[in-house]
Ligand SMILES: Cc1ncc(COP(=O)(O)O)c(C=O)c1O
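Before any questions on binding or motion, here is one chain by itself as structure tokens, the form predicted alone.
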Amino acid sequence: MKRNIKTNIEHYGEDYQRFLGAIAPPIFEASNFAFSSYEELEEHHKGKIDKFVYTRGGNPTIKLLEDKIAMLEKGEECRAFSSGMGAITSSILSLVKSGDHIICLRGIYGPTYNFIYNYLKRFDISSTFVDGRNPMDIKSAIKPNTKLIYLESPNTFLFEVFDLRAIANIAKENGIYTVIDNTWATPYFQNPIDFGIDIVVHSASKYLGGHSDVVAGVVVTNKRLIESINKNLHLLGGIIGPFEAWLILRGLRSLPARMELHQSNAIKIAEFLSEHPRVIKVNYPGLKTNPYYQLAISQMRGFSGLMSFEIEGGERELKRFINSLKIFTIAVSWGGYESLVIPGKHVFKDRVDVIDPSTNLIRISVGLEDADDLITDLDNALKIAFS
């Protein structure tokens, strides 16, 4: 029977009788698992049976999480990592080797940019950063040794949306792999694999976990590509712990309700900011006036709670605004229940990906508080900033 995504989040992969009738799955906080006999050990080494052996390679709690995420992202396999960067770097390393070339769309997460542009140089892996809003920019950057196109959509801080169908088609026509960071939209609102993207990665620390109490990452792809990612997971040791996997499983239960409220709050706040006389620009693709709105609704079923905006004035007004907020907390990361704020002035410093944002760019993560209270907080802070 075909089920709605909300029902699948709660029940897919669950087997209560397997765990003595427990409704919530147990945490298998074990490093290794015993063989019943010498013969079973031999059968496993020959690849004739599959069983849990060592948590670095697999664990029942982690496996349930991986099965659920793979289902949600409409992929064949998922692997969970100890951080989002563990998932991102292992995915990239599974696809490229010395002498290869990567095309990267502008505005990606800072540590990912640093890994691609700086770290991979030591292995003679080059990169080209392109605007990407016109897919022809990507096509023009392809070289004979291009193996990967990496992107986020929407991207970091500016929340530009890219044409996933066109990018995937260009990649497939040229035998190039594609990897996308889908953390902003979550699989509840966007499934890039539907458009032909090869690998989807997430920082599960954000919306998938949802409670600002866990650091983790996930990768979703097909059975063939997961084999190389598995090798990196085993060799580099970036496995998620069973307790962290259980926390994300718990967070997933409320993902639909949380994302709907994040979206509802964010749209109200984006509309308020877009009409405020002291706000120059709001970067949120969920606004109907946003230049990416039509493309966004053709690819996504909804919008998350992360946006940015620019205010008038200079550093004085920026500081006064941020310091005057009472509900929005100054902190990095995002995607939890609480509303956060961070200035964007240093995000793209000394980067080559052709972004020169305003020095008064501000990012907010809209949480699950009352929308009217959040708007009042922003309004009061703006009044103080320009008083």
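Residue numbers run from 1 along the displayed sequence. Computed from a predicted model, the values in this text were never measured in an experiment.
Here the subject shifts to the form predicted in complex with this ligand, a form of this protein not shown in this document.
Just checking whether Arg79 would be counted as a contact of this ligand in the predicted complex - the rule being heavy atoms within 4.5 angstroms. No, Arg79 is distant from the partner.
Would Gln190 show up as a contact with this ligand in the predicted complex if we use heavy atoms at 4.5 Å? Contact with this ligand, no.
Contact label in the predicted complex: Ile88 to this ligand, heavy atom within 4.5 Å: Ile88: yes, in contact with this ligand in the predicted complex.
4.5 angstroms heavy atom contact with this ligand in the predicted complex for Tyr109: Output for Tyr109 is yes: heavy atoms within 4.5 Å of this ligand.
Just one of 113-121, 202-210, 172-180, 288-296 has heavy atoms within 4.5 Å of this ligand in the predicted complex; which? Only one stretch passes the 4.5 Å heavy-atom test: 202-210.
Look at the candidate spot formed by Ser83, Thr156 and Ala216 and say whether this ligand comes within 4.5 Å of a heavy atom in all three of them in the predicted complex. The answer is yes: all three residues contact the partner (heavy atom, 4.5 Å cut-off).
Partner-contacting position among Glu244, Glu152, Glu73, Asp198 - heavy atom within 4.5 Å of this ligand in the predicted complex: Of the listed residues, the single hit is Glu152.
Contact set, 308-342 vs this ligand in the predicted complex - heavy atom within 4.5 angstroms: Counting only heavy atoms within 4.5 Å of this ligand in the predicted complex, the single contacting residue of 308-342 is Trp334.
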